[in-house]
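Just one chain is shown here, as structure tokens, and it is the form predicted on its own.
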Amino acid sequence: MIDVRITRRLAGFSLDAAFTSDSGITALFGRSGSGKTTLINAIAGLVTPDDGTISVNGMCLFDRARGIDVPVRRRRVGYVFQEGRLFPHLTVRANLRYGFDLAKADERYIEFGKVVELLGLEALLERRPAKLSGGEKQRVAIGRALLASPRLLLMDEPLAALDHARKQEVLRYIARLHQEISVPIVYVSHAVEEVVQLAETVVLMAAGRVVASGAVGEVMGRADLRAQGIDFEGGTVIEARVAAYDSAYDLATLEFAGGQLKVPGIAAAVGEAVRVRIRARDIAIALTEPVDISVLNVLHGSVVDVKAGDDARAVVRVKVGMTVLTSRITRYSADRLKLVPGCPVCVLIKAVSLN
């Protein structure tokens, strides 16, 4: 359990944030300047809050009222930065051993060889950082932080400096760590695809405040946040599995509790579980199934409800099988199609729009 309730005043910026999480990976999500890094720096002890409390797994790290402020070295918090920050004069093995040697023998909960295997570092152990790719450096940095046996692992946009291919590589390793090691992770990002792929809990931040928090599907699916002035596009997060792959067209077929979806360029093997995010604005609605169109994903369902705002937009929820999809269309279209609860419809989703 992670419980954070803090305030911090800085020049031209005010942080007033509170969240709790009891899941494996918690994503702090928001635009640059929203306060994400300041928040995790406070958890790490690198920034001292003006007021509030911070606790991890029942241990109080900070409590202004009680005068508690555990020193950084005693917090047992691992930190992975945007760049690896490896020791350039040491080999990969020595960099990893540095983290391992920081932990007291009676506090270690993971073996050196296990981390090397999980992160695929076997072939890199005798290299120095200058001979590593960006993705390899980040995997070593994660391994070094993990080998210190932290009670919490913080990651501050660890993929920001990587290209798409390297990002996918490291994401898969982070997901594997989460599956096999119980250490909680707080993951900072402003990239939707990273949050959707990794997180169980999402904390959405804007201007130093937590504007939404909860399960990834709940927060990433909220279509009302833009109406509150938050620059965020809501949608639907679907749990799916890769059923087939067409190498000729680089198209994967995903199965979910509502049918199938065609998705291009997916970095997952047949049989692997994946998450897919569909933005509300990328779902169109038709009363009958169209023909001779380029859209690959046409699903049948029925309208759950229609919520029209004061502006030109309307939010329509459609149940497809056991899944509810959220679509954002114009109020004009909702009225023209006479969309009401129970109305049978088709939803149209462009394959290239899927995250």
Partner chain sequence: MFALSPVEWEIIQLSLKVAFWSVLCSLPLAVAVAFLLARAEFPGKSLFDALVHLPLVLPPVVVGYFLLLLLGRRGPLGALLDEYLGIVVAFRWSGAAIAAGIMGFPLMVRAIRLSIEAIDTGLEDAARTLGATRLRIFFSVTLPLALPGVFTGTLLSFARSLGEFGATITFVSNIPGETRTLPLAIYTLTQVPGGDAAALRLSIIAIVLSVIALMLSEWLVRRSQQRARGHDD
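The structure displayed is predicted, hence computed values, not measured ones. Residue numbers count along the first chain shown, from 1.
The next section is about a form of this same protein that is not shown, the form predicted in complex with the partner chain.
- Segments offered: 197-205, 255-263, 236-244, 86-94. Contacting the partner chain in the predicted complex at heavy atom distances within 4.5 Å is 86-94.
- Checking 116, 280, 148, 211 against the partner chain in the predicted complex, a heavy atom within 4.5 Å turns up for just one residue: 148.
- The listed set 190, 128, 108, 172 contains one residue whose heavy atoms approach the partner chain in the predicted complex to within 4.5 Å, identified as 128.
- For the three marked residues, 15, 19 and 27, no heavy atom of any sits within 4.5 Å of the partner chain in the predicted complex.
- Though the partner is left out of this view, residue 144 does reach within 4.5 Å of the partner chain in the predicted complex, counting heavy atoms only.
- The partner chain is not drawn, but in the predicted complex it has a heavy atom within 4.5 Å of residue 72.
- Using a 4.5 angstroms threshold between heavy atoms, residue 46 counts as touching the partner chain in the predicted complex.
- Shown alone here, residue 98 lies within 4.5 Å of the partner chain in the predicted complex, counting heavy atoms only.
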